[in-house]
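Below are two forms of the same protein chain, given as structure tokens: structure 1, then structure 2.
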Structure 1
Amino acid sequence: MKRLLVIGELNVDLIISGLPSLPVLGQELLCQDFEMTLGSSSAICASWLAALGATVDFWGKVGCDLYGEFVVGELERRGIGTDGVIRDSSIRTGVTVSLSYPHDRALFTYLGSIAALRLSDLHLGLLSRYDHLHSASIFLQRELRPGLPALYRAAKKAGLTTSLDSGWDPEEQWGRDVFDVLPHVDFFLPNETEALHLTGANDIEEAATELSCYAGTVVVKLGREGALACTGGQVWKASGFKVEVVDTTGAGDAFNAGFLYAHVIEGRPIPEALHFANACGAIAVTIIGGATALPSAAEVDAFIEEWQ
């Protein structure tokens, strides 16, 4: 079985729901529910990969605090190897507070450990133990971002295949430095808005084609419309599943895991892998939270059968 390595940000999500109104300064509101869950795009993708059936290790950093313990415990509970998670007493574990309303949510993030991992923390000599490297949220991973080209170059040199999800840039600067890492990325996995911002293109196929001049294969997530993939001038499109949406948190991470599992681990051709990834995304939007009650690969295949 192939071994996957996810390197990335780690944090908890504190989700407050059932609020009677928007918050007002100077007032106290009672909420109906509160939940603490494992946050982080990279960790949610790792969770999906492990549930699908992959062997996954995580390299990252947490603070020496209760939230850090929780994060490591959650990764382990999901069967993800955590020997590469550093506990650093000089930082605090990152936190995202989500005020969740039926129509949308407001997020507040304390970066802490999310931004703290650096290239010098990573034992690049151990990369050769793995078959594939994935990372995400490059604009949040502020310390690691300048080191990404060197990390991905080292992974390629060690014989790994690689994937990267840019994620959203909260500062909306969309720095061109992402183009320095793309030549070492086999599968680049932005969503539609991210691909358009990164390239400045007006049209998604144009954006994907431009990005594929740098990266191997570009896979763009198109929300309920599904996804498209582009490599060497060839474009594939796969429609999404018309499911009833409950909560879209983590749909992109579920999609990434589905694509990597189907294509990189199982060797399914790109159109079939896109379909499998769309099924994972669709399943994710029908359940609350980013990584609760995750399906096995057989369960995703059964979901696809049901929809045929």
Structure 2
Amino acid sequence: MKRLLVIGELNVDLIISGLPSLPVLGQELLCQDFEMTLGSSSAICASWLAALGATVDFWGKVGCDLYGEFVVGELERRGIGTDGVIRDSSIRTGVTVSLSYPHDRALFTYLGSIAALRLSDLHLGLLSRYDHLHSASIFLQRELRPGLPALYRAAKKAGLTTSLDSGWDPEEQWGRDVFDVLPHVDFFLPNETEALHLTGANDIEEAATELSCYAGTVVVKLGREGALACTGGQVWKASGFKVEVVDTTGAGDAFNAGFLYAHVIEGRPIPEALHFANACGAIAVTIIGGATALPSAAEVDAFIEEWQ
């Protein structure tokens, strides 16, 4: 079995769901549910990968606080290796508050440890122990972001395949330095909105085609509409699953894990991997919390069979 390494941000998610409307200043709203779960795009993807059956280690940073202990404990409970997680007493563990609605969510994030991981914190000599590297939310990882090209070059030199999910840029600057990393990325995994912002294109296939001139294969998440992949001028599309949406938190990360597991680990062709990844995203939105619904690969395949 291939061994995967996820390097990235760590935080807790405080998820508020069942709100009657958007918040209004000066008013109090009652919610129907509240959960504290393992957060961060990178950690949710790692959790799904481990549940599907992959061997996964995580390198990141947390504070020496209750949230940090919670994060590390949740990673370990999911069978993810945490020897590469740094505990830093000078920072606080990051927190994201998610206001979850049936078809979207609003996020409020305290960066803390999310932005604190640096390239100099990473033992690049250990990369050769792994077969694949994944990271995400690069616009939030402010200290690591300048070192991403060097990290991904080192991973490729060590013989790893690589993947990257840009995530949303809260400053909406969409820096062109992202394109310095993409030549070292085998699978770039933005969502539709991110791909359009990064390229300035008006059409998603146009955006995917442009991005594939830099990265090896571009896989774009289209929400309820499914996903598409583009490489070498060829485009594949896969429809989504029409399920009842409870919480969209982490759906894209579940998709990422599904695609990587199906294509990189199991070697399924891209169209089949897209279908499997869409199923993972669909399962994720039926339960509150991005790292809550964690099925095995067999259970995802069974879900797909039920929809045939």
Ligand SMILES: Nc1ncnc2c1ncn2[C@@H]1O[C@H](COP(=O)(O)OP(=O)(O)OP(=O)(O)O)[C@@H](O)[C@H]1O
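Here, rigid core means the biggest group of C-alpha atoms that superpose within 1.5 Å across both forms. Numbers follow structure 1, counted from its first residue as 1. Here the structure is a predicted model, which means the values were calculated and not measured.
One chain, two forms displayed separately, with the form predicted alone being the second of them, structure 2. Comparing the forms between the two structures on their rigid core, the Cα displacement of I15 reaches 2 Å or more. With the core held fixed, the Cα of V235 is displaced between the two structures by less than 2 Å. Once both forms are fitted on their core, the CA shift for E266 between the two structures remains under 2 Å. Shown is the Cα shift of C31 between the two structures after rigid core superposition, which amounts to 5.7 Å.
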